[in-house]
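Only one chain is given next, in structure tokens, and it is the form predicted alone.
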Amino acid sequence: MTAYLARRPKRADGRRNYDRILEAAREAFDARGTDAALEDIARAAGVAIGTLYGHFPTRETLIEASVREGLDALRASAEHLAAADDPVGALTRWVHQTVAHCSTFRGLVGFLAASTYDEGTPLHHSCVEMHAGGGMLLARAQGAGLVRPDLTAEELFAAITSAAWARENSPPGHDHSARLIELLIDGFRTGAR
């Protein structure tokens, strides 16, 4: 089953409403997390709740549209980093980027983790594509003999999810994920036990 994905309308008035809703949603998610009230988002966008639901039938479709560009950018970044001379450095940089994106809004990391394994969610395809990019970087580092061969892509993403959760739940002004990522990457290296 393919999930519904919100698309920017062709008509000018529809595009304006779509864009205003997305802008209001990003601001609300940033301030209050992914549980922000949809009625408040519609009000901030200057549209009726029915207009919001016309463009984004579920909370998940609104969240997916809010983060789709970032997930696509992570996939593109993985493709770009695959050409780097330092495969572990490339993987590390990508992990930092991914952790930052996955914790953009409070509650987002949970949506992304669940969507990875649920084909019926709007975020599923984007998550699978993003994971493929990370898996490619992991395989490259393993192929160079620099990362443990027994580390699976699924374990890499469990580590990313953990670090994103730590970042998302860090106190204001602190980012506990940076040190956690450093420890994880050290543990991923060949010879680490």
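For clarity, every value in this text was computed on a predicted model and none was experimentally measured. Numbers follow the displayed sequence, beginning with 1. Here the rigid core means the biggest group of C-alpha atoms that line up within 1.5 Å when the two forms are laid on top of each other.
Keep in mind the form predicted in complex with a further copy of the same chain is missing from the figure; the text below concerns it.
Participant: Select, from the options 44-52, 145-153, 25-33, 58-66, the stretch whose residues sit within 4.5 angstroms of a further copy of the same chain in the predicted complex by heavy atom distance.
Facilitator: Result of the contact check: 145-153.
Participant: Even though the partner isn't displayed, in the predicted complex is residue 183 close enough to a further copy of the same chain, meaning a heavy atom within 4.5 Å?
Facilitator: Contact check for residue 183: yes, within 4.5 Å of a further copy of the same chain in the predicted complex.
Participant: With a 4.5 Å heavy atom cut-off, would you call residue 109 a contact of a further copy of the same chain in the predicted complex?
Facilitator: Yes, contact at 4.5 Å.
Participant: Consider residue 37 of the chain shown here, and say whether it contacts a further copy of the same chain in the predicted complex, taking contact as heavy atoms within 4.5 Å.
Facilitator: It does not: once a further copy of the same chain is placed as it appears in the predicted complex, residue 37 has no heavy atom within 4.5 Å of it.
Participant: Could you confirm whether residue 113 comes within 4.5 Å of a further copy of the same chain in the predicted complex, counting heavy atoms only?
Facilitator: Contact check for residue 113: yes, within 4.5 Å of a further copy of the same chain in the predicted complex.
Participant: So which bits of 146-170 sit within 4.5 Å of a further copy of the same chain in the predicted complex, heavy atoms only?
Facilitator: Contacts from 146-170: 148, 150, 151, 154, 155, 158, 159, 161, 162, 165, 166, 169.
Participant: For residue 179, decide whether the Cα shift between this form and the one not shown is 2 Å or greater, given a superposition on the rigid core.
Facilitator: False for residue 179: its C-alpha shift is below 2 Å.
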